Structures are given as structure tokens and as C-alpha cells.
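Take a look at this one chain, the form predicted on its own, written out in C-alpha cells.
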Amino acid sequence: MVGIVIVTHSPKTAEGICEMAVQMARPGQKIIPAGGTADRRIGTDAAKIGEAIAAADEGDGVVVMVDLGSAVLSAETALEFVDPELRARTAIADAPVVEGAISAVVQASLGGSLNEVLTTAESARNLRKK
């Protein structure tokens, strides 16, 4: 099953999104928060994100949801330091973090491939449009 990593500047926000997302997940599905810095301050931490990516991976890939700005840069930096095979099966979603995370978790719990989970997460951009 595709794992999901939630990267936000706030540890509490990442944990809250994971708490919501787990309600839609299959038992045992990996949804890992990577919010804030290593000392739980506001910010982002590439090392923490890399560890979360490794923890979320079960061989089917990982979709990383990011909130904004430096979270994207930190996630991209984290990918430079993970195992090349893991990097190849990890994607950073261009999607709103909450809506995208819920959509990604549902698709992953249905057995979706990495590409299907990523596409579903990114389609969440259209949820607010009328």
C-alpha cells in the first residue's frame, strides 16, 4: 500500500491532518506526520521528512503532502538523502495539504498505485472550484 507523509510547518497541524486521515484509512496504512522541526518548533526539517518517508514506505511508494514554501524545499532536499530506490518511488504532491491528504489516503486504502494516489491527491485542487 502507498504510504502518505504529511509535511507542515506546525507539528500539531501535521498530527491533526493525520488524525483526520486515519479515519479514512485501512487498518495498518502508513500515514506519518513530519511537521515542524526536530525539537517540535515551527519550521521544516529535511532530516525529519526523510525519516518519515522511510517509515511510510512499504515498497509501493510514498506520496508526500506539503503545506507551503519551505516545506516543498525541505521535502525536495529530503529526497536527495534517501535511498535512490526509495527516491524513485516517492512523489511530492502539488495539492492542498488537507484535501489532498484525505483524497490520497482514500485512494491508497483502495489499493491505488503510486501514480493513482498522486493523481487523486492533486485532483483535490479542484474540490473548491465551482
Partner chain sequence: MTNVYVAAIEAIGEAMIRNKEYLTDLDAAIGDADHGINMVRGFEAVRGKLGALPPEADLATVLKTVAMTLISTVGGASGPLYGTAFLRAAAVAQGKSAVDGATAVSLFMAAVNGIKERGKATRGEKTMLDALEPAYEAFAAGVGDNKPLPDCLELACAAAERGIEYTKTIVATKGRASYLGERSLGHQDPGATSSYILLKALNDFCRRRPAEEA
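Because the structure is a prediction, the values reported are computed rather than measured. Positions refer to the first chain, counted from 1.
Below, we turn to the form predicted in complex with the partner chain, even though it does not appear here.
- In the model of the complex, the partner chain sits beyond 4.5 Å of every heavy atom of Arg87.
- At the 4.5 Å threshold, heavy atoms of Asp60 stay clear of the partner chain in the model of the complex, well away from it.
- Although the partner is absent from this view, Ala46 contacts the partner chain in the model of the complex, with a non-hydrogen atom inside 4.5 angstroms.
- The shortest heavy atom separation between Gln29 and the partner chain in the model of the complex exceeds 4.5 Å.
- Taking the partner from elsewhere, every residue among Leu68, Ser74 and Glu80 has a non-hydrogen atom within 4.5 angstroms of the partner chain in the model of the complex.
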